[in-house]
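A lone chain, given as structure tokens: the form predicted alone.
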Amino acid sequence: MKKSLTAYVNGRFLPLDDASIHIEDRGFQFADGVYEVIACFGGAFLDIEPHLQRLQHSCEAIRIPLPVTLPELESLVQQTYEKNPFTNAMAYIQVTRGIAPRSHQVSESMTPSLIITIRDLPMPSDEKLTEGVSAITLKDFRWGRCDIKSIALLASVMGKQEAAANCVDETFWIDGEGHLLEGCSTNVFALINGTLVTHPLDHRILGGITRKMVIRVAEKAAVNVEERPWKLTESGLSECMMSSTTSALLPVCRINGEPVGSGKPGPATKRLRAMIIDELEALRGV
């Protein structure tokens, strides 16, 4: 029997099949909005406060007033979760500038739209954990404010299409000098001469919440961490890994058809993923 899902839309809880937004919502017309995705394990949300703070940052960056306070939003996310039948779930939150006749000019009188949905949390397959994932690289053609979690994701959709056409799992963006920035929906790390390296936070990457967790557990494991521009061609690069809310941390074993290191999940990736999973299990009370 199909599960009946419930969404929150602008002050009301509605059956998902009946939930809708006006055709002139600026999220639909202009992709004028931002979003967050938060993982939930056994009813406990992972790092919900940093996620909501990042949502607030994104709203402020494009001058959309968040329609509720952060404590109110946290309560709404919890209420929406409780109305949906998933043990492990992901909450999707979207805020747009609101509904108005289509015009590039922004009206200060608009009321922002807020929606929340809950879905089952997909888990990485055993094959991805034991064999690793693969990726390609593309020259970055996204807009210049990737630190804003915008709903304007056409470039990422195109990147994912290119990955699928090449039978790989992800596309990583490369800047004009050949530095690896991030993936379409992931942050990316490399182990270079024993140091965990990832691109620094700037306008060209999103400050991933899981990225922050990876850095924290690496420091806890006494692994040196450097946030700096890096290239796939650097000497001493032995492992790559990518992080996201939905997959935690995964080994990246082939890029552009070439093996990374041994071509198998490396010991550092395995150790860091195990530490993250331990934290998730503790969150679930396992």
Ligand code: PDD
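Everything numeric here is computed off the predicted structure, so don't read it as measured data. Counting begins at 1, following the sequence as shown.
The same protein also exists as the form predicted in complex with ligand PDD; that form is not shown, yet it is the one meant from here on.
*Asks:* If the criterion is a non-hydrogen atom within 4.5 angstroms, does every one of K128, S238 and G266 touch ligand PDD in the model of the complex?
*Replies:* Contact check failed for every one of K128, S238 and G266.
*Asks:* Indicate whether ligand PDD has at least one heavy atom within 4.5 Å of a heavy atom of T137 in the model of the complex.
*Replies:* Flag for T137 set to no.
*Asks:* So, T80 and ligand PDD: in the model of the complex, are they within 4.5 Å at any heavy atom pair?
*Replies:* No, no contact at 4.5 Å.
*Asks:* Whether R254 contacts ligand PDD in the model of the complex should be assessed with a 4.5 Å heavy atom distance threshold; does it?
*Replies:* Flag for R254 set to no.
*Asks:* Would D169 show up as a contact with ligand PDD in the model of the complex if we use heavy atoms at 4.5 Å?
*Replies:* The answer is no: D169 has no heavy atom within 4.5 Å of ligand PDD.
*Asks:* Given a 4.5 Å cut-off on heavy atoms, tell me which of 192-200, 68-76, 108-116, 175-183 is the interface stretch with ligand PDD in the model of the complex.
*Replies:* Careful reading of the contacts points to 175-183.
*Asks:* May I ask you to choose, among G159, G208, G98, G132, the residue with a heavy atom within 4.5 Å of ligand PDD in the model of the complex?
*Replies:* So the residue touching ligand PDD in the model of the complex, by this definition, is G208.
*Asks:* Just to make sure I understand: among 237-253, which residues lie within 4.5 Å of ligand PDD in the model of the complex, judging by heavy atoms?
*Replies:* The stretch 237-253, when checked against ligand PDD in the model of the complex, contributes S243, S244, T245, T246 at the 4.5 Å heavy-atom cut-off.
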